[in-house]
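Next up is one chain by itself, shown in structure tokens, the form predicted on its own.
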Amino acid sequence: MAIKQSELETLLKNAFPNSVIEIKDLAGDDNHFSAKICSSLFKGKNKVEQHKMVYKALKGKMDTELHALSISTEEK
């Protein structure tokens, strides 16, 4: 089962309000995405902590509905 880009975007926007989020479908299959997130919520957190926040925002969809996600995070 795959996830639609719009659903992925909604999950991330809900978790990171007032952030700049760019999502790309890398293979056109609703299964391989890249996400760039620029958020003030990342302030004071290292990359591992930031990426854990992103995975938490996906609410268990990683490795079930979403096969691959390349994550780029930065503090806003």
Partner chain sequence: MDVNKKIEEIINSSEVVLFMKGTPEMPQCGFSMVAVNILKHLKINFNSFDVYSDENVRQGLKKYSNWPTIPQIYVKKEFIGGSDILKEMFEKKELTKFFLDKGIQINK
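Numbering follows the first chain given and starts at 1. No experiment lies behind these values; they were computed from the predicted model shown.
Not on display, but discussed next: the form predicted in complex with the partner chain.
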- Message: Contact with the partner chain in the predicted complex for residue 62, defined as at least one heavy atom pair within 4.5 Å: yes or no?
- Response: yes
- Residue contact check: residue 69 to the partner chain in the predicted complex, 4.5 Å heavy atom: yes
- Message: So, residue 47 and the partner chain: in the predicted complex, are they within 4.5 Å at any heavy atom pair?
- Response: yes
- Query: Quick one: does residue 24 come within 4.5 Å of the partner chain in the predicted complex, counting heavy atoms only?
  - Reply: no
- Would you give me the residues of 37 to 60 that have any heavy atom within 4.5 Å of the partner chain in the predicted complex, in order from first to last? 47, 48, 51, 52, 55
